[in-house]
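Form predicted alone, single chain, as structure tokens, below.
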Amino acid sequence: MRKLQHKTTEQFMLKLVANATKYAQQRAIIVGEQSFTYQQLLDASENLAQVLLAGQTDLSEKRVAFIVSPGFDYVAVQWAIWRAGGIAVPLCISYPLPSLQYVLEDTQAEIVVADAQYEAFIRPLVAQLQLSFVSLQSKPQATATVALPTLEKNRRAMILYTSGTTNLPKGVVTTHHNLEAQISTLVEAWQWRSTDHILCVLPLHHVHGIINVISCALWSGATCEFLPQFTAEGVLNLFNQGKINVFMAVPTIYFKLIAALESLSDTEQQQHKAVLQAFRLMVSGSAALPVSVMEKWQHLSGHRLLERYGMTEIGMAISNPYTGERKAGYIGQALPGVEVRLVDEHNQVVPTGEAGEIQIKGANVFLEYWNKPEATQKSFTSDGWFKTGDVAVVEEGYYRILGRDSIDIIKSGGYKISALEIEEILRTHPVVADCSVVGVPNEEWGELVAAALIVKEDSFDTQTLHAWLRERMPAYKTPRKYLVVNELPRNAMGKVTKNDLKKLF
């Protein structure tokens, strides 16, 4: 376990509750035809906190897992766990039971909360593991009332799981102090305000939806509307109501919205554009934003997407500016309160203009990997910098991601090649709808550059594409293998899972 820091009695939940009290009668959450005020959220979360405490004075960092549909109940449960002194463990609603069992056993969760939609699904597993169960379907009411605990900032607050693309997922532990730093930094940088109205279409077992969308909105007194089941048409219909003015999504979602808009007539496109231009902010993240997607979205919406960079372990660390130039293909500059440096394989800071691994330091950085002290230690330098494993370069004051060192940096014939750079060029070809580039093992070259393609024409010719690429990049960067696929393997956040893609070659 890492040493706890920030020994102070000022607490995150006190501020969150104070902010909610300030906006008590304003709408906090909308789900379909239902809307809920901040006062209703405070009341529901306090009642659930008392239910979880069951007469105790403090959950004392007990892990409380919950599988709840996106919406009011989800937030009420999350706040209740925090207010009762527990550690919130959001379960992914699309995971199969073995994956959920892994999380419950790894966290040693003692309580599971489920709503009506997932109660029958999760109950047998809860019984098998002999855990306490709280059903929201029965609308539990506290039978005893105790004073809610006072929580120091260094309390552990949440465990989110990494995607586990290379080995078993690791539980990322954030403290109340980490959460406050991650939220308040974005509220300042992206100029959140109480008049904002954001639509949440993102999974809620991930930092993007939990922190960037829900927590920033509710910290600011804004309204968060939920669309539990994503469809491009459903999103555009909600946009057309004229209430939503902030939107955050992954590149895959923007890609789908672009396809939906491009299928409309010119007149209908202009009607949508007039609505979209009135938005205050649109953000893309969780995967690299293709320049082609950014440019198409700007043409269709009048908005230049704000791209940023973050991880489960750090929240957000780098962002294009809210006011100022948003550079296509760049993740931006360090956020307030976050230190960023680029280092070489010897952990030495690289000169400006040279590529290096991104390392992060700040109050936003997580505490530890749950019950994995060796993994935690390996992820930090001796002087406390978190090693992200992502490689970037600084150009004209902006960070540009070259890729993940383990998967996007292809080592071929003595060269280090960025898969993301090749992907950007491939996407400019008129017949390539989408693509992903990986390195596949090869005795002679170490790795061969290989490209998986989604194409718009059945008569696609890879030899013609290869000749086209040779005019646009050095020979050593051009793919040696091509594979036409119907779809690319992706995780819940829409990010291509490149280890799964490698197996196709």
Ligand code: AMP
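A quick note: this is a predicted structure, and the numbers were derived from the prediction, not measured. Throughout, rigid core stands for the largest set of C-alpha atoms superposing within 1.5 Å between the two forms. The numbering used is simple: start at 1 and walk along the sequence shown.
This protein has a second form, the form predicted in complex with the ligand, left out of what is shown; the following refers to that one.
Look at 148-156, 401-409, 235-243, 77-85: in the predicted complex, residues with non-hydrogen atoms within 4.5 angstroms of the ligand sit in 401-409. Residue contact check for residue 312: one or more of its heavy atoms lie within 4.5 Å of the ligand in the predicted complex. The shortest heavy atom separation between residue 328 and the ligand in the predicted complex exceeds 4.5 Å. In the predicted complex, the ligand sits within 4.5 Å of a heavy atom of residue 416. Within 4.5 Å of any heavy atom of the ligand in the predicted complex lies no heavy atom of residue 176. 308 is the sole member of 429, 197, 170, 308 with a non-hydrogen atom within 4.5 Å of the ligand in the predicted complex. The single contact residue among 371, 162, 298, 269, judged by any heavy atom lying within 4.5 Å of the ligand in the predicted complex, is 162.
In this stretch, 12-26, not one residue has a heavy atom within 4.5 Å of the ligand in the predicted complex; the partner itself is omitted from this view.
Taking the rigid core as fixed, one finds a CA shift for residue 447 of 2 Å or more between the shown form and the other one. With the core superposed, residue 413 shows a C-alpha displacement of at least 2 Å between the shown form and the other one. Relative to what is shown, residue 319 and residue 416 are closer in the predicted complex; their C-alpha atoms differ in spacing by at least 3 Å. The Cα-Cα distance between residue 409 and residue 286 is shortened by 3 Å or more in the predicted complex relative to the form shown here.
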